[in-house]
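Quick setup: one chain, the form predicted alone, written in structure tokens, and binding and motion questions come after.
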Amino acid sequence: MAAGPAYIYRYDGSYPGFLCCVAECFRDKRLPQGVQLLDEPQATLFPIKEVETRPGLAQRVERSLPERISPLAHSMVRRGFLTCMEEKELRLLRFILLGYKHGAKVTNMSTHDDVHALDAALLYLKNEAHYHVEFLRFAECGGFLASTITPNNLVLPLIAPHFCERLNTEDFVIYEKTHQMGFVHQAGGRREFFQAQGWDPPKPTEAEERFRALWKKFYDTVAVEGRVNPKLRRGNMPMRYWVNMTEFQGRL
């Protein structure tokens, strides 16, 4: 990359918008100093460049990833965008440039700082998605099921297909507070992600309240007194998930 003024890119936070940042980097022939969201405060002395999201341009950049690097690298970039990795956009941008230079072997360059950071972030994403498949709890809200989760990574696109398959005859909504994203599923029809600054499900039905009480009673009953191991439980069931789990509600 050529030398020049260090810009801060600002974009809309979408994956196509990020891919347009990749294209802008090639146009500028230099790496940006940083990448920010459009709604972040402009607390910087570096010049700002707002990157417009252009779907056609984003598609061309995305096609180049499996063609010029590898399908695995393409998958790593797509999943990496869902992570809460520090300086996510800048690290992914450097990973892509490294891939354009070295090709498919970039995915094995684990000693490189950006590749190592991406590998660690993807492992964290995978584990957190697994935990949410295990610990997500639905509530009957009068005609549909509802659940709220608070992950660190954007796991909703990864776990939604699992619940669509397992609950294909049910209407349900999963709302992800951290990234203000939801997913709605209607049996035999609508499957759609949505953005919302907040979402409060309807009050649980009386039947739901009874089932909650029964579930808490079952959870307490199967515990073997004398073999309770709080440390082991926290290892297998991290405490930060408890706030959204039926068996712990009203007990924290």
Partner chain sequence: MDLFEKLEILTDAAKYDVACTSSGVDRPGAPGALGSAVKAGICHSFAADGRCISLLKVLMSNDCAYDCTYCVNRRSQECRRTSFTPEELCTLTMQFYRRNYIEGLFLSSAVVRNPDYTCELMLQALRMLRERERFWGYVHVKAIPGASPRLTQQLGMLADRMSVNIELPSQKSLSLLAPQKSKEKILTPMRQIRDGIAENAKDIVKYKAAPRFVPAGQSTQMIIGATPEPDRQVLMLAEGLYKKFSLKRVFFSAYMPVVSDRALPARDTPPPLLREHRLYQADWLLRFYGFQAGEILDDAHPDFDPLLDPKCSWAVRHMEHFPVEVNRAPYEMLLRVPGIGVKSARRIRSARRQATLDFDGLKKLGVVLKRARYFITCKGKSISPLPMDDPAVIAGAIRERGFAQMGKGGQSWQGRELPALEQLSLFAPSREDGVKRLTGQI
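Just so we're clear, the structure is a prediction, and the values are computed from it rather than from any experiment. Residue numbers count along the first chain shown, from 1.
Unshown form predicted in complex with the partner chain; subsequent notes refer to it.
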Exercise for the section: Check whether Ala43 has any heavy atom within 4.5 Å of a heavy atom of the partner chain in the model of the complex, and answer yes or no. Expected result: no
Practice task
Could you confirm whether Arg212 comes within 4.5 Å of the partner chain in the model of the complex, counting heavy atoms only?
Solution key: yes
Exercise for the section: Examine Thr221 and determine whether its closest non-hydrogen atom to the partner chain in the model of the complex is within 4.5 angstroms. Expected result: yes
Exercise for the section: Mark Lys101 yes when one of its heavy atoms lies within 4.5 Å of a heavy atom of the partner chain in the model of the complex, and no otherwise. Expected result: no
Problem - Site check Arg27, Leu31 and Gly198: each within 4.5 Å of the partner chain in the model of the complex by heavy atom - result: no
Problem - Among the candidates Leu90, Val173, Met181, Leu136, the residue which, in the model of the complex, approaches the partner chain to within 4.5 Å (heavy atoms) - result: Leu136
Practice task
Would you point out which of 158-166, 70-78, 117-125, 91-99 contains residues with a non-hydrogen atom within 4.5 Å of the partner chain in the model of the complex?
Solution key: 158-166
Practice task
Go through 74-104 residue by residue and record those having a heavy atom within 4.5 Å of the partner chain in the model of the complex; state none if no residue qualifies.
Solution key: none
